[in-house]
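Below, in C-alpha cells: the form predicted alone, a single chain.
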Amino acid sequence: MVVELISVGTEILLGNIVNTNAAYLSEKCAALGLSCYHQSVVGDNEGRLEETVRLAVSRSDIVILSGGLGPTKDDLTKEVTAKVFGKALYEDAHTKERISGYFSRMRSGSITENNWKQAMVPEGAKVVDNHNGTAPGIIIEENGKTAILLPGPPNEIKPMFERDIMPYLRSLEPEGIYSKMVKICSVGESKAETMVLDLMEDQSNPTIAPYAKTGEVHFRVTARAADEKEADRLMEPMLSELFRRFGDKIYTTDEDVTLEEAVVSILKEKKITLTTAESCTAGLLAGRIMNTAGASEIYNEGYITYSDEAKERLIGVNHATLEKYGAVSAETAAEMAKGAAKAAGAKAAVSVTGIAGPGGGSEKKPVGLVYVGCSVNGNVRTEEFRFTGNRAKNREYAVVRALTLLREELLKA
C-alpha cells in the first residue's frame, strides 16, 4: 500500500521548528511495509491545505497528516480533511469528557471555549485518544482511502502512533519490511558499488541499496516478509554473498554499531590497550573512541601534539626526523605512533598528522595531505591519504582512515 505524509504548520515552512515528525513517520511506515513516494509540508492556509490533501488522496491509499489539530483558528487539518472526504463534524461526548479531565488533572483553571473545537470529529471517523495532550487522533475511511490525523507535538504523536496507529496500519498491510545494514571499510565507494552491480541488477526480494558514508560504504539489504524469521531466511543468501566478496572488510551488519565500536570490541576481545597521537585531528580520533561504551577498559591516555616541540617532548619524535622530513610525513607519523605507544605503555597506537587546510599547503605538500601511522605490538605501518574536502571534512576523513587502518592491523595481531 502507498502512504503519503503531510506535515501541517507555517512554522515548519519558515524553519522555526525542525520537522522531526516526517522522519519518524517515514521510518515507521517503511518498517510496516508501506511505500512512501511523496511527502509535503503545507502552511496553515485553508485553500493550499485542501489542494494538498486532495492531491495526496488521489494518488495514495493512506494519507497521514500531522499538526493543525489544536484549538486555534489556524488549526485547520480536521476541518479541511473532513471537507475533502465529504464528512460533517459533530461533537464527540467521549472526547469532550476526556479534554475536561485533562485540564482538571493539569489544574489549568477554567477551560477556554476554543478548546471544545478539539472535541469536534468527522462523522463515521475512528477517534484515537490522546493520553499526552488534548487533540485526539482521527482515522477517516472512505471508498478505499484512509486519512490519519495526528497531533503535531512529538511527545504526543510518537506514543499515539506506536500504541494505536501502528497496530491499525499493520492490520492493513500484514507484510513488513526488515533490513540489515552491511557496513564496509577499507573499500572505496565506487569500487564497492562495482563489486555488487550484478546483485543490484537482479534484485527483487530481498533488495540491496548502497549508502555512502564518510570514509565508509554501507549496503542496506531489505526483505519484505510476514515476520522477522522469514525475512532473515530471505536475506541470508544475499548476506552470505556479500561476506564472500568483501570478507573481513565488513565490520558489522548491525545498523546501530559504529566503526569505532567495532574497533573497541576487537581491542577488548584481544586485550590490547590503545593510545592516540594526533596533530591535525586535534582530539577528534580520541573523542570517537571514547564515545564508545567500555572504551575506558582499553584507553588510558592520549596525546594532542600540534606543534613539533610537543611531538618531541611528549612522544619522543626525533628532532632530526622533523628537520629532514617535516611534521607531515610518513616518517613522523611512524615515530608518533611508536613513541605514543611507548609513552603510554600501550600495546597499540594510532597517529595522525597532516594539513587540514584551508591554508598551510604547498606544491609538494598540498592541503588534504594526511599521514596515518599505526603501531600494534611494535609493528608499525603508515599510510598516505590525499583528501579534497574542506577543513572539517579532511579531519573527519582522517579519523575514519585512522580507525580503518587500526582495525586492519588489529585483525592481524
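Numbers for residues come from their place in the sequence shown, where the first is 1. Note that the structure is predicted; figures quoted are calculated from it, not measured. Superpose the two forms; the largest set of C-alphas matching within 1.5 Å is the rigid core.
This next part talks about the form predicted together with a further copy of the same chain, which is not shown.
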For this session: Using a 4.5 Å heavy atom cut-off, state whether Thr382 contacts a further copy of the same chain in the predicted complex.
Result: no
For this session: Indicate whether Arg386 is a 4.5 Å heavy atom neighbour of a further copy of the same chain in the predicted complex.
Result: yes
Exercise. Could you tell me if Val84 has a non-hydrogen atom within 4.5 Å of a further copy of the same chain in the predicted complex?
Worked result: no
Problem set entry | 4.5 angstroms heavy atom contact with a further copy of the same chain in the predicted complex for Arg59 | yes
For this session: Tell me, out of Lys268, Lys249, Arg220, Arg245, which residue has a non-hydrogen atom within 4.5 angstroms of a further copy of the same chain in the predicted complex.
Result: Arg220
Exercise. Which one of Ser171, Asn205, Ser240, Asn300 is close to a further copy of the same chain in the predicted complex, taking close to mean a heavy atom within 4.5 Å?
Worked result: Asn300
For this session: Identify whether a further copy of the same chain in the predicted complex is within 4.5 Å of every residue in the set Ser40, Thr292 and Arg313, based on non-hydrogen atoms.
Result: yes
Exercise. Heavy atoms within 4.5 Å of a further copy of the same chain in the predicted complex: which of the stretches 275 to 283, 162 to 170, 138 to 146, 228 to 236 has them?
Worked result: 275 to 283
Exercise. Of 303 to 326, which residues get within 4.5 Å of a further copy of the same chain in the predicted complex if you count heavy atoms?
Worked result: Tyr303, Ile304, Thr305, Tyr306, Ser307, Glu309, Ala310, Arg313, Leu314
Exercise. Is Val400 among the residues whose Cα moves by 2 Å or more between this form and the one not shown after superposition of the rigid core?
Worked result: no
